[in-house]
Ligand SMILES: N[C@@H](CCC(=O)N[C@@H](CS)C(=O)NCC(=O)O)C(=O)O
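Form predicted alone, single chain, as structure tokens, below.
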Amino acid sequence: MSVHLHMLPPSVNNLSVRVFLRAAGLPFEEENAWGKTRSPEFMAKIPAHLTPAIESSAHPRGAMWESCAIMMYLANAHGLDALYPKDPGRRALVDSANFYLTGTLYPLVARATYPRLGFPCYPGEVAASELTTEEQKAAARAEAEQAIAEPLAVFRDYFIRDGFIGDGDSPSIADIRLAATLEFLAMNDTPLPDWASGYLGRVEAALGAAYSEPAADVRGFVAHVKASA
């Protein structure tokens, strides 16, 4: 049964699910949701107006959003143990890595990169406030960039070590989510650490075109923004 994916090509959150569907070999179709997420038709199915989002007749609500939740659901539904291991310990590593990424690392990535990418910033953030100066916004962005080093080191030393998250021989859904996130760090002044570049290369080499083909959209967008700066 085919999955209908609503996605935005420049987004690393969306990239995660685009890579997953290809790596999993599941039948799917993609729809660019640019300019559609606030439409009555979209919000009737996906009231959070977020992407990535999937529609599937097998889902109890017919649709869902959030990249990690989508990958977990589809991996469970199709028995994709290589991408989402059933062993409790290995699965705990994958789940913990994904939760740590979405709760700790990604908010810093968003604060460091969204202002330069031209993405809307979250309400309440310095970058979204009209009450702060451009100098204050730039300082806040730089501070977030510097803070990324700590959670990245946690991924290096605890989750990844010398292989993949989940201690398997191939990338898990947590590796897909982290690798996609690392794509946006090209917007930062701080170069990607050598270990992270090597890890990203391992993930892409293991997944092949399933990674590189959709990643080209993100990389092309990032390159365009940097060239226009």
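Numbering starts at 1 and follows the sequence shown. Everything numeric in this text was worked out from a predicted model, so none of it was measured.
Beyond the structure shown, there is the form predicted together with this ligand, which is absent from this document and is the topic of what follows.
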Only one of 217 to 225, 19 to 27, 5 to 13, 202 to 210 sits within 4.5 Å of this ligand in the predicted bound form by heavy atom distance, namely 5 to 13
With the partner omitted here, the residue among N188, S170, S197, T37 that in the predicted bound form has a heavy atom within 4.5 Å of this ligand is T37
- Message: Please determine whether E66 contacts this ligand in the predicted bound form, using a 4.5 Å cut-off between heavy atoms.
- Response: yes
Exercise. Heavy atoms within 4.5 Å of this ligand in the predicted bound form: does Y122 have any?
Worked result: yes
Check: Are any of the heavy atoms in K45 no more than 4.5 Å from a heavy atom of this ligand in the predicted bound form?
Finding: no
Looking in the predicted bound form, any heavy atom of P52 within 4.5 Å of this ligand?
yes
